[in-house]
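We begin with a single chain expressed as structure tokens, specifically the form predicted alone.
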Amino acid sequence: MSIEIKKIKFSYDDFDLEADLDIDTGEFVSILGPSGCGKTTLLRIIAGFNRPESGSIIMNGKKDITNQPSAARNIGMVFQDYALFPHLSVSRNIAYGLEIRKLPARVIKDRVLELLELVQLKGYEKRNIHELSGGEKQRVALARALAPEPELLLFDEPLSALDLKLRKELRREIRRIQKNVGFTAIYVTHDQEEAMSISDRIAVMNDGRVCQIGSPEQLYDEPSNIFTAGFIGTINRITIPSDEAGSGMMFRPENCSLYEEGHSDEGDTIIKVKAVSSEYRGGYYSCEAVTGNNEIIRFYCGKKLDCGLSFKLKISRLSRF
């Protein structure tokens, strides 16, 4: 399923959402942004839970589903809090949507077994929900959403309640299943690393607007605005008096290194700084230094730098905004 979100507008209290977004069939797109930026509201509009004030949602290039009930959209949704039925077994939770459609018992059983294998929960059919871990519950929720074979699957921060190690494991599983099945996915998250690792494209949102959309590489290497540059990864902002514009330069931590006399290329910028901190990250140090203008620079280094040490940094790939 392809989705075209055209000039959607939605307001509540003092918040206004305006969004345009096109998603191709089979694409995995994450909507990324801080809390309160409108990403979940936009997801609920796509799902049919909220009705926009204006604009349209077009499915497969021709069908307008803007005013269609959510139950008629063939869209599945995976929630942050699982939304499983605690009184039903794993298999009955997965089968729920199929039972509502009154499919034959044999068809339902086969589909449930197929999905249990897909989400790697084979043998869990008779387990009660309270016997499952958080990761297992989310796998059941994913299987239940997939059961009716939706063309589009929506994820509303599904992994935010899990610990970091489990989040990384499950996001790989979600991506594996999405590629295996081939459904279109829209994934809401506030976690930049999560969005970068799982997405074909990312739509960065702030204050009810889509700031930029592109591949993870495009957003990181070629941000089109200051918000995207600062929200995707880490960015340094410094003033360079010798620059013809006088200021407004930015660069990533990996484009900065300790300067050694005679080891610079044409176009590199050399600045004097003083070390503020060095945090060991396993194999390297994440460091902070301060310039003469009291601007903080974050960079990576192969050795620990003593606080207060004065030295020079070599900077490449400076960008102006």
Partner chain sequence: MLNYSAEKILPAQRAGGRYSASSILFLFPVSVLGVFFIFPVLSIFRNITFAGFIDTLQNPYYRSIISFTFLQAAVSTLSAILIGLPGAWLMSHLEFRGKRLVNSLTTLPFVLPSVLVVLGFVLCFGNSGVINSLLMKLLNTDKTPLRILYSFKAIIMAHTFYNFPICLRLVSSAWSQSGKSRIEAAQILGAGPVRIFRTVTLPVLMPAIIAAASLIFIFCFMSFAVILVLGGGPSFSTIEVEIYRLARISIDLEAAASLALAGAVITALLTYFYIKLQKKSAAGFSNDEAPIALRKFGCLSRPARLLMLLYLLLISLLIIGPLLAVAIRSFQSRAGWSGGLVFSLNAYKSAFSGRIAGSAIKNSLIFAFSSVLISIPAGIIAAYASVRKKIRFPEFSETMFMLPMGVSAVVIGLGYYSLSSIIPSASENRAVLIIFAHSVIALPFVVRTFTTGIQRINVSLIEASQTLGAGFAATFIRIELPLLKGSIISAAAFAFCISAGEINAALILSDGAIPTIPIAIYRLISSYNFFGACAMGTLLMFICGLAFYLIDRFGGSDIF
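Only the largest set of C-alpha atoms that superpose within 1.5 Å between the two forms is called the rigid core. For clarity, every value in this text was computed on a predicted model and none was experimentally measured. Positions refer to the first chain, counted from 1.
Only in words, not in the display: the form predicted in complex with its partner chain, which the text now covers.
Engineer: Quick one: is F49 in contact with its partner chain in the predicted bound form, heavy atoms, 4.5 Å cut-off?
Structural biologist: Yes, F49 is a contact residue.
Engineer: Indicate whether its partner chain has at least one heavy atom within 4.5 Å of a heavy atom of G134 in the predicted bound form.
Structural biologist: Looking in the predicted bound form, residue contacts with its partner chain do not include G134, since no heavy atom lies within 4.5 Å.
Engineer: Is the gap between A145 and its partner chain in the predicted bound form 4.5 Å or less for some heavy atom pair?
Structural biologist: Contact check for A145: yes, within 4.5 Å of its partner chain in the predicted bound form.
Engineer: Please run the contact check for V188 against its partner chain in the predicted bound form: heavy atoms, 4.5 angstroms, yes or no?
Structural biologist: It does not: once its partner chain is placed as it appears in the predicted bound form, V188 has no heavy atom within 4.5 Å of it.
Engineer: Just one of 76 to 84, 223 to 231, 209 to 217, 192 to 200 has heavy atoms within 4.5 Å of its partner chain in the predicted bound form; which?
Structural biologist: Heavy-atom contact with the partner occurs in 76 to 84.
Engineer: Of K126, R106, K165, R101, which residue is found within 4.5 angstroms of its partner chain in the predicted bound form when only non-hydrogen atoms are counted?
Structural biologist: In short, R101.
Engineer: Check each of S70, S286, N255, S56 and return the one that places a heavy atom within 4.5 angstroms of its partner chain in the predicted bound form.
Structural biologist: Partner contact (heavy atom, 4.5 Å) among the options: S70.
Engineer: Superposing on the rigid core, is the CA of I100 displaced by 2 Å or more between the shown form and the other one?
Structural biologist: The answer is yes, as the C-alpha of I100 shifts between the shown form and the other one by 2 Å or more after core alignment.
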